[in-house]
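Just one chain is shown here, as structure tokens, and it is the form predicted alone.
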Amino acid sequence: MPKIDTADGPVWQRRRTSKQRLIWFGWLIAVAIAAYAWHLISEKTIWFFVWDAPQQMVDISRRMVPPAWSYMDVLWKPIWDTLNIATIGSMISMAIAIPVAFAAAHNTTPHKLVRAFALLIIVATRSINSLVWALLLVVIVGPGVLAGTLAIGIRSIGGCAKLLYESIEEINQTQVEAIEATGASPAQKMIYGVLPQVLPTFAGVGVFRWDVNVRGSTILGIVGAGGIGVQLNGSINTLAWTQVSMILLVILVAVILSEWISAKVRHAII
């Protein structure tokens, strides 16, 4: 029974038979889709490995202890490359995302066609995962840090630009109109009316995206895009589990530090 809020309190009304049947039919379709999806998954699953997974996990966990502390000498450069990939990639994405955001916001775009093109850029860059971008860029520019940096940068454009243009659309238009009433040029309206309202958001989005990119850049080396993922992939392939645990520990520390720095910077800005 649907509930309708009135001045005298909630009133319950019985659904019509046709509407109730339509709701049940919708639930039936949803259950059928879920059952079919489960059938497809189970059909391609080797259940022997699934039942054996807990035992394998325990065995690998034992082999990971203790971590290979001496392997840390090899990891300094890869983790530095990972941080550089995240940092430079974030800078590239913000440099492109800011003009794209102004072109996408309905109150700052110069033309509807420009806005449509900007929205297309946002959707296109957000719809492809950074790992897929890395796969493509490794083929185009070769394996290494450059491919990883470009992958992180391209993937982050859409995410940053979406948050930025939404912030631009939510500004207080009264301030812009007041500056416009003084006879200000479009550039002056942008500098004195729009930018002061959105700069804190821009800074916060940039720092937040850098934090996300630190995590994302740790796995790009698996496809040859540089960073600590190269060592992780090599250690897994050679079954060097003590090295794997050391790499995972380093990644955990790097992510915690990036989270702490990001939180401190956002708190200082906001």
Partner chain sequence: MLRLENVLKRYKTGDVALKNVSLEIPDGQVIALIGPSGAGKSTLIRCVNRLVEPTEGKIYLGDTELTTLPPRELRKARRRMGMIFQEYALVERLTVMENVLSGRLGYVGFWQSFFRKFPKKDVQEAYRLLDRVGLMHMADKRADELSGGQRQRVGICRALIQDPDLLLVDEPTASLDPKTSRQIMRLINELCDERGLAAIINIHDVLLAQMYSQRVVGLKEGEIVYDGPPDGLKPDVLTEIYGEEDWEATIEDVDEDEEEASSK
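Note that the coordinates shown come from a computational prediction; the quantities given were computed from them, not determined experimentally. Residue numbers count along the first chain shown, from 1.
What follows is about the form predicted in complex with its partner chain, which we do not show.
For the options 186, 99, 110, 142, the residue carrying a heavy atom within 4.5 angstroms of its partner chain in the predicted bound form is 186. Only one of 75, 118, 179, 88 comes within 4.5 Å of its partner chain in the predicted bound form through a heavy atom, and that residue is 179. Between 76 to 84, 168 to 176, 122 to 130, 155 to 163, the stretch whose residues reach within 4.5 angstroms of its partner chain in the predicted bound form through a non-hydrogen atom is 168 to 176. Taking the partner from the other structure, its partner chain in the predicted bound form has a heavy atom within 4.5 Å of a heavy atom of residue 191.
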